[in-house]
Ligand code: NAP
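Have a look below at one chain only, the form predicted alone, in structure tokens format.
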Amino acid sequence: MAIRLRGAGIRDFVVFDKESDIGGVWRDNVYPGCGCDVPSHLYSYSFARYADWSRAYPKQREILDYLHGCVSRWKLEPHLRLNTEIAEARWEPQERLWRLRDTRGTEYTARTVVCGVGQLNRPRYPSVPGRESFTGTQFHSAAWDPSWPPEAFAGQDVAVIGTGPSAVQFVPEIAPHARSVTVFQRSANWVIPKYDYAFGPGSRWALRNVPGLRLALRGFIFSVVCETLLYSAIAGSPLGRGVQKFSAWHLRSQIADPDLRAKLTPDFPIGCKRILISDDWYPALARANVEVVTDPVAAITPGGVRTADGTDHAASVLIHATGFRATEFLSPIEIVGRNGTRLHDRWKNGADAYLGIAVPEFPNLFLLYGPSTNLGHNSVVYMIESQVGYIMRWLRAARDGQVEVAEQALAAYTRTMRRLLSRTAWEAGCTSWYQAADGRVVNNWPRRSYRYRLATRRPRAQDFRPDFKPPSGVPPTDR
């Protein structure tokens, strides 16, 4: 968003970040093995395609370095206000601006606010008693203690609660060093091979110097791997059932023990939960010093974890790989719009936003990576670029007044999302982080990613309240 503002000649903007550095999840998550499950050449900006990725799938440090490079390249440093956490944003109708307050009490004003706080930044801990009583070392995977590299687990009995994308990455790293690792699994996940590899000198030279090669690779990954194969699993198509058979073959080929294989076989269709991508998860679970426990966690005790069958599992280190409070969008920021409407009151039964970007009663407020914009098959960077393009088109209108989406536009959009989501694997009976408290999927976009790009390519004046001046070139309808 900041890069696009500078590209449009806009300099009067500021980027707040509550931490001491940029990078979001790639700054916070430093656990061993941390990386992305989207291929490198797709997990980058379309206008800043990077030739020197070291691997097919990027690791945390490399992604963070890439983001730092973007900050330097587009000279964003003067716009950054780090160590500044915004606690409140309140719309002032008389002045037609937003008044923001940070946690130190300092106030700021802005004509337009763009919230880019993400979905995966507030760790969720298991809702079981006794966590404070544990006498060993414990931490969430998203707040990994830097003093615990893989070698530090030597001689330790480790308990890991959770088997999602983070656990899939760090358990194979620590298992060879720990005395024992007990993995507590609520439900099994479908896993497909990652086929990760390092780019050799020849490949890196070619990607730097052969015209069109990077674009061709990016296009192949986007269209064939993501929009066709992986999306088919979410859509529940015959091709998707083929992907499930492939995942089942991957399990059989790496887990010889039939009892362990039964534990690791999901009881829901592939795509219902996020598909995991790993080459070494199953081999790690098959190690002699690793045990997979499927009995529910009942309590955390001073010495470990107690399951519902009454068994106490001793541990000296407890790692919570239990994900994030992903459906609590924009929490804990207090956002108050027209007529004193609190955003979190509107969202008490589940968040929604028009195209995941705009909410009625909140003028000149836009969201990046908001409700219904997460993906289970492709790069969310593509979605964010679509949102930024959409917002930039409306900023021309916001300069002259206030821009606010109409209630009827959001209502129609939400009905469409509910209808489309009902046809996906996400609503096939599993429990996932995509769901609000009532079980509705509120995070995900149910169509192919390119359909979102089409939906955001041109704002429709009819979808917004009439008390603004539409920017030049925006038609009254989408014809």
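In this text, residue numbers run from 1 along the sequence as written. All values reported here derive from a predicted model rather than from experimental measurement.
Another form, the form predicted in complex with the ligand, is not on view; read the next lines as being about it.
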On the criterion of a non-hydrogen atom at 4.5 angstroms or closer, are I22, G118 and Y390 all touching the ligand in the predicted bound form? no
Q) Is Y45 close to the ligand in the predicted bound form, meaning a heavy atom pair under 4.5 Å apart or at it? A) no
Can you work out whether C36 and the ligand are in contact in the predicted bound form, taking contact to mean some heavy atom pair no more than 4.5 Å apart? yes
Answer with yes or no whether F324 is in contact with the ligand in the predicted bound form, where contact means some heavy atom within 4.5 Å.
yes
Can G240 be called a contact residue for the ligand in the predicted bound form at 4.5 Å between heavy atoms? no
Which of 403-411, 229-237, 91-99, 164-172 lies within 4.5 Å of the ligand in the predicted bound form, heavy atoms considered? The stretch 164-172
Partner-free chain; cross-checking the ligand in the predicted bound form, the single residue of R124, R287, R261, H177 with a heavy atom within 4.5 Å is R124
Checking T112, Q138, T301, S187 against the ligand in the predicted bound form, the residue with a non-hydrogen atom inside 4.5 angstroms turns out to be S187
Contact check, 201-237 vs the ligand in the predicted bound form, heavy atom within 4.5 Å, ordered by sequence, gives none
